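Below you'll find only one chain, the form predicted on its own, shown as structure tokens.
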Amino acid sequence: MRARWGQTLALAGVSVVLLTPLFGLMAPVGAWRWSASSTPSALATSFTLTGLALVIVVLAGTPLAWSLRTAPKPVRTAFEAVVLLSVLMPPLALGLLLMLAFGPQSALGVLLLRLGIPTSNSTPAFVATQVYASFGYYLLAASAAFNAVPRELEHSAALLGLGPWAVFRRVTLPLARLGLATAVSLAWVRALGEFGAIMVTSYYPHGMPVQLWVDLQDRGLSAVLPLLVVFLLTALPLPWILHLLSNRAHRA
């Protein structure tokens, strides 16, 4: 009984520490000022383009993560090291390197411009940067989710006459759903909250993180807090709900 109370108190204490940043919303910064002109545009930009980036990440990353299970170990290890490098790269460094590699001063950037694809301060640049920033997070988490599925169950399903696609759809995917939900959540939060790289490659159009920075510089904290509340209320529910639903289904 005492051990349970001690565990509960420890978890409560850690929860309070983790929630402490939210207390900043009650800071005395004066009357909040709502920016009715910039907020809808920033919201639309962030959620429309982040949604597009997330679709690209999931469609490209899911089959790749699944295929890694059967790749030779040296190949898989080397590839995962490359993916991890992209995850560990500081956001500002990532933005600068993307600009150098794809910007209008590079040969690749010139080629893309000739094809009508601007690589800076444009919708393609915004989406591409978010894909680069979030792809590694999704791939590593999705790969871990697939690796956690017992191979014996897949082999048994195949012996019962199911083809590879049927085994994936009816056995592998349901068993990996909790890990895949976590992977989607990580990719969503990483892409939606990207600031450093986006500032370099696609300052325009403004997404929510850049708009928060602009409002902070131009109008102060009293103008930032309303937009920050909107950002939190719109960014957090998707990964939160995904995790809760997947966890509930897993327990059932």
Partner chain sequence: MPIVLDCVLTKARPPLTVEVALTLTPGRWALFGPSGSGKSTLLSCIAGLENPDRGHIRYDGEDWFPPPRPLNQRALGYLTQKERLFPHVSVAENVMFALKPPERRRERPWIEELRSGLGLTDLWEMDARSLSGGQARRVALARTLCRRPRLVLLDEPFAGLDRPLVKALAGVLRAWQEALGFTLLAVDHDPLMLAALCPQVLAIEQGRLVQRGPWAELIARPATPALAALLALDPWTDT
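Numbering follows the first chain given and starts at 1. Given the structure is predicted, the values throughout are model-derived calculations rather than measurements.
There is another form of the same protein, the form predicted in complex with its partner chain; it is not shown, and what comes next is about it.
Shown without its partner, this chain lists Leu160, Ala107, Val82, Leu115 as candidates; in the predicted bound form, only Leu160 has a non-hydrogen atom within 4.5 angstroms of its partner chain. With the partner removed from view, the residue among Leu94, Leu175, Leu140, Val131 that has a non-hydrogen atom within 4.5 Å of its partner chain in the predicted bound form turns out to be Leu175. Comment: 151-159 is the region of 151-159, 116-124, 68-76, 84-92 lying near its partner chain in the predicted bound form, near meaning a non-hydrogen atom within 4.5 Å. In the predicted bound form, at least one heavy atom of Val171 sits within 4.5 Å of a heavy atom of its partner chain.
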